[in-house]
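Listed next as structure tokens is one chain, alone, in the form predicted on its own.
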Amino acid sequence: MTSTPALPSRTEVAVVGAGPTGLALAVTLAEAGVDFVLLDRQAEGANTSRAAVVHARTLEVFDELDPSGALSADLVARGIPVSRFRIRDGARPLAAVDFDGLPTAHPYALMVPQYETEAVLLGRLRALGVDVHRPHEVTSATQDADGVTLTTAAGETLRAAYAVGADGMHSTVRTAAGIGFTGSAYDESFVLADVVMDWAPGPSEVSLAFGAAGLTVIAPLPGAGAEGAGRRYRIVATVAEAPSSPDLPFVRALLAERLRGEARVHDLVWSSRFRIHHRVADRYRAGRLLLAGDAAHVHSPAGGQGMNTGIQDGHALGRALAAGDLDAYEARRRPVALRVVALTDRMTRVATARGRTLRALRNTLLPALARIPAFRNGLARELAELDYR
């Protein structure tokens, strides 16, 4: 484990949480010359893939963080650019959304594990002479007229002019700020699994498959199985019940039911099961306490929007802190979160529609809509988050 610097007693901005959101914020502050401390409760970064897609707008943010283009090029080299998002009913194609005509330098969705995205951002931060302070679990945040005092589980304190909660759905900073987190949970659980398999459509697309049993997303990831057998894919599936760590037989049975012979699973690399909420913080700021990423919004993984929205939050908040214009941050980013939550909620509810009549109506309307260029192009821009510039 790499040693990290000692925790100082004072800073201008304390950033709690060194995931993608906190790292993007930290890089933005470092580029602007703002003094800050980035803390994380973990002794080292996670090495699971979790979020697995980086959209075009986020790659544009990487180019803003490093105008040479080296930062985005490093990340692209670690992933698989995919230009098509296909919607199916089981194996039957219903609609396709293409990204290759988007007005951006990055007309694709980049399939790459989250730990690679974090590694690229961390590398940039270290190149700027800053590192993450680990492990420091923040247990309280108390603000007054002049600043914020953070206290860690070890009893250390850090005084800052501002503190940012980039510390996830169960944010300590949001709780300390007294900010509500309005929304609810979906009835279904979600299974995430990274598998090595042969899949008939192959690695050229991301596929969202409807079915009576629930939603299933299949997306390619970098890497292949032992001796070249199969390649890696990310599976996201809604389920009524599942073990906390689904095993290989569970994943094989799930895919056999939903993909109907299209997939042959060789190995299970990683898996998890979790409940998904759709919530947005009532405010993004309470005095000197601010929120970004999952501390400010959580939603369905449909469309792969979560990490992307968080990275863009971090970049926008860093620029607002550097410019001393904090009110503009909430005015700009909270409407984006509301829009993303609404989009992913619609996608999830359409995909998990119950009843034969509703499913038949959905499967009739989608192909008709997909033949309309304005619909296809608008959905591509929305998924790529280009309308949030």
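One rule holds for the numbers: they count along the sequence shown, beginning at 1. Owing to the predicted nature of the structure, the values given are computational and were not obtained by experimental measurement.
Although it is not shown, the form predicted together with a small molecule is what the next lines describe.
When contacts are judged by a 4.5 Å heavy atom cut-off, residue 318 does not count as touching the small molecule in the model of the complex. At the 4.5 Å threshold, heavy atoms of residue 52 reach the small molecule in the model of the complex.
When the small molecule is considered in the model of the complex, residue 39 lines it closely, a heavy atom lying within 4.5 Å. The small molecule is not shown here, but in the model of the complex it comes within 4.5 Å of a heavy atom of residue 168.
Of the candidate stretches 198-206, 98-106, 302-310, 119-127, only 302-310 has residues whose heavy atoms lie within 4.5 Å of the small molecule in the model of the complex.
The contact with the small molecule in the model of the complex, taken as any heavy atom within 4.5 Å, belongs to 270 out of 250, 181, 186, 270.
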